[in-house]
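Shown next as C-alpha cells: one chain only, the form predicted on its own.
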C-alpha cells in the first residue's frame, strides 16, 4: 500500500524548477544565437542585399538608380549568357560524372583487404592534391601542359603523338580544365565514397555471394543501393561546387580562347569587379542561386526513385 509519506518523497518536476517554457525558449535561443548571427551576417544578409541590388543600376561611384527588372531583361537578352551557361553546365555535368564514378572506383580499390600502412599511404596520396591551393595547381598545370616544353607534350611526342594546344584551342581548353579539376578535387569525393563504402554491411555482401551472385551482381544489387545516400550527397555537393567554378579558368585561360572556358561566375566577376556594373552582377548572382536551387530540388525529387534508406 502506498502511504502519504512515501508519496511525499517522490521528486516532482514543475515549471518552477525547470524555469518554465518561456525560460527554456530563451535558453535555446541563446545557444543557437551565435550560428544565427553568423548566418545573418555572412549568408542571409548578403543574399537579401544582392536581391535588392539586382533591382538597381549602380557603378559604386554614382547614386544607385532603380531599374526594376531591367537588369534581368538585359541579362536574358545578352548573347554571351547562353555561352557561359553552356560552359558551366558542361563543366558541372562532367565534374559530377567523373568525380562520382572515379571516386567510387578508387574507394572500391582502397577498401579491399590490404596492409594498413599501404592503405593509409594510398588514402593520403589521393587526398593530398585537394590540400593544394588552386593558384599553385593552375600554375603547375600551365607548365605541365605547355605545348612547347611541357612534360605531357614531351612524352606524347616520344610516342609519336602531336600534343594539342591545350589552353589556346577552343576544343581542348575546357576538357583540359575538367581534367585538372578532377586531379585536384577527386580526393575529397574519394574520402566521402570511402566512408560510405565502409558503412555497407559485409554480411549482406557475403549472403549474396553465398546465394551465387558474382562480383558485379554483388556490387550493382547490394553495394550500390546501400551506398545510394552517399552517392546522392556526393552528387549534390559536387554539382554545387562545380557550378561555381572560377579559379582555374581565371588563372589559366581568363575565360578564353573565344570564351570557351568562361563560366557564369567568371561572367559575374567581370561585370561586378571589372565593369563595375554592381546591379547587373547582382542579377547574375541571383540567376546562379536560382539555377543551383532548381537543380538541387530536381535532384531531391529524383532521389525518391533511386536513393534507398537503410
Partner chain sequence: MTHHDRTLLPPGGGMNRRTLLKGLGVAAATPALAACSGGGGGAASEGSNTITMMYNGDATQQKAFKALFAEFGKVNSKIKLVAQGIPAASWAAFSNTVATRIAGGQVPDIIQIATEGQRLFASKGLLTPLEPFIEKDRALVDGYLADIDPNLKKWNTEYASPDGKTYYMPGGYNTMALYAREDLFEKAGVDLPDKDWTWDDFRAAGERIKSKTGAFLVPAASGYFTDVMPWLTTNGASTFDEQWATPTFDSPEAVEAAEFVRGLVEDGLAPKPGGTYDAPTQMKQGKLATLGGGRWPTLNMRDLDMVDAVRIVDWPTKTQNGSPVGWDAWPITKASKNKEAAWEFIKFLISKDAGRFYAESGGTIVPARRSVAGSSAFTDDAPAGSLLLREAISYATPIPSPDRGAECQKVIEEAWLTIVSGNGAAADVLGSANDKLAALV
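Bear in mind that the values here come from a model prediction, so they are computed numbers and not experimental data. Numbering follows the first chain given and starts at 1.
There is another form of this protein, the form predicted in complex with the partner chain, and it is not shown here; the text below is about that form.
Picking from 68-76, 129-137, 219-227, 81-89 the stretch near the partner chain in the predicted bound form, with a 4.5 Å limit on heavy atoms, gives 129-137. Looking at residue 55, you'd find every heavy atom of it more than 4.5 angstroms from the partner chain in the predicted bound form. The partner chain in the predicted bound form comes within 4.5 Å of a heavy atom belonging to residue 148.
In the predicted bound form, the partner chain lies within 4.5 Å of some heavy atom of residue 236. Proximity of residue 207 to the partner chain in the predicted bound form falls outside the 4.5 Å heavy atom cutoff. For the stretch 268-290, the set of residues having any non-hydrogen atom within 4.5 angstroms of the partner chain in the predicted bound form comprises 268, 270, 273, 274, 275, 276, 277, 278, 282, 285, 288, 289, in sequence order.
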